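Single chain ahead, written as structure tokens, the form predicted alone.
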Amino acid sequence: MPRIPLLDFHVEKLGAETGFFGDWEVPMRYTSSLKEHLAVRNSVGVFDVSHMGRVILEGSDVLDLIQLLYTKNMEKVVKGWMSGPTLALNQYARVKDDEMLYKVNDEEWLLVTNALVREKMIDYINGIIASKGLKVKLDDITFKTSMIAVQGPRAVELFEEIGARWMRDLKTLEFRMNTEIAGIKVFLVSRSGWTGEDGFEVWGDHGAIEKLIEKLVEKGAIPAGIIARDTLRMEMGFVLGGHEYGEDPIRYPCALSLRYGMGAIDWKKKGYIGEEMLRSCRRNGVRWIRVGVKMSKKSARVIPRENTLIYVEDQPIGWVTSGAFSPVLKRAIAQAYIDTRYALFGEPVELEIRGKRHKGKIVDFPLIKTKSSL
């Protein structure tokens, strides 16, 4: 099984406890996942997210490839800006992956995939390139680089403290390549993240990223692991492959049921893989819809797990896809698919956990408000 390149550094220098996520060995926590979560919400945390796939797509047909693969229209993306998240669908309008793309120039884009499907997506994209005879070269640089996410309301201030004042000028989803942070040469810096907070993501060679992490931690950044990253995404209602979506048409509803938002689907766009079935879902309507669930005060620490059944008046109406404890709300939360006939925000429900019914209510996303989302 693969491990992030700087894993030994995280264990030996930062005291990380490791585990497996998407078949990768990664830092799960350093001290307390609760502390790490709250550091991102209130100050600043640094994650090593090198398990995510990083791919270069280059060639004269690269835009044709991207337009075929994704539900978002990429024609008007400006050089030096990210676009996404967007969805790669299969022919049944189930989601293969949700991904971010970066336009370097007209013939070169960067792509970030989720860890669980990196190899699968690379094989899939290469198959499309070959079958369509497209002039595109794919270069997987996942193991050649490391990637960190520095997230939280103090992220800008922190980089200013180490001499990278220019990073304040980056707009959300804007990126720069082959630049320096505090004298450290890095491959890419973007104003982006997946926590609901302001922040940056940085790619670079392993030595450069190690030095940068050390500088950031010296200035007060809290190292944060995958457990905190998961609870942060849960508070925002962000999805995770293998939980909220996947390709199995029996296990997962149509992509429309995700209520993904963020402009991930452009209904004016035509010709992408899965479009016909996705439009059919739209015309015919969907039975299941993704919503949030917040547990009652009495059941605040009872965490719903995947596949937990949800009831109204003893009628099963849906199931949990992900559950966690929210350090901000101080109670358990979940994401779930609910029969659209019952999907009323504020509606009380019961969840059957370890043979006992616990009360909660249906809520919308995000489950909390951050300064970035206000």
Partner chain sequence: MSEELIVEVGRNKYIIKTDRKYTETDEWALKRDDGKIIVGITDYAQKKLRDIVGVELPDPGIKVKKGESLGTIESVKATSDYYAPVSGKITEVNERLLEEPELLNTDPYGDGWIVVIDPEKPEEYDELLAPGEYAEKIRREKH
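Remember, predicted model here, so these are calculated numbers, not experimental data. Positions refer to the first chain, counted from 1.
One more form of this protein, predicted together with the partner chain, exists but is not displayed; see below.
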Completion exercise
From T142, T231, S190, T113: within 4.5 Å of the partner chain in the model of the complex by heavy atoms is T231
Problem - Candidate from R54, R29, H51, R41 lying within 4.5 Å of the partner chain in the model of the complex - any heavy atom - result: R29
Practice task
Please state whether all three residues I4, H206 and V217 have a non-hydrogen atom within 4.5 angstroms of the partner chain in the model of the complex.
Solution key: no
Practice task
Could you tell me which stretch in 309 to 317, 65 to 73, 344 to 352, 29 to 37 has residues with non-hydrogen atoms within 4.5 Å of the partner chain in the model of the complex?
Solution key: 29 to 37
Exercise for the section: Using a 4.5 Å heavy atom cut-off, state whether R357 contacts the partner chain in the model of the complex. Expected result: no
Exercise for the section: Tell me, yes or no, whether I273 is in contact with the partner chain in the model of the complex, where a contact means a heavy atom of each within 4.5 Å. Expected result: no
Problem - Contact label in the model of the complex: V363 to the partner chain, heavy atom within 4.5 Å - result: no
Handout entry: Contact flag, E17 vs the partner chain in the model of the complex, heavy atom cut 4.5 Å
Key = yes
Problem - Contacts with the partner chain in the model of the complex, stretch 298 to 336 (heavy atom within 4.5 Å) - result: R301, V302, I303, R305, F325
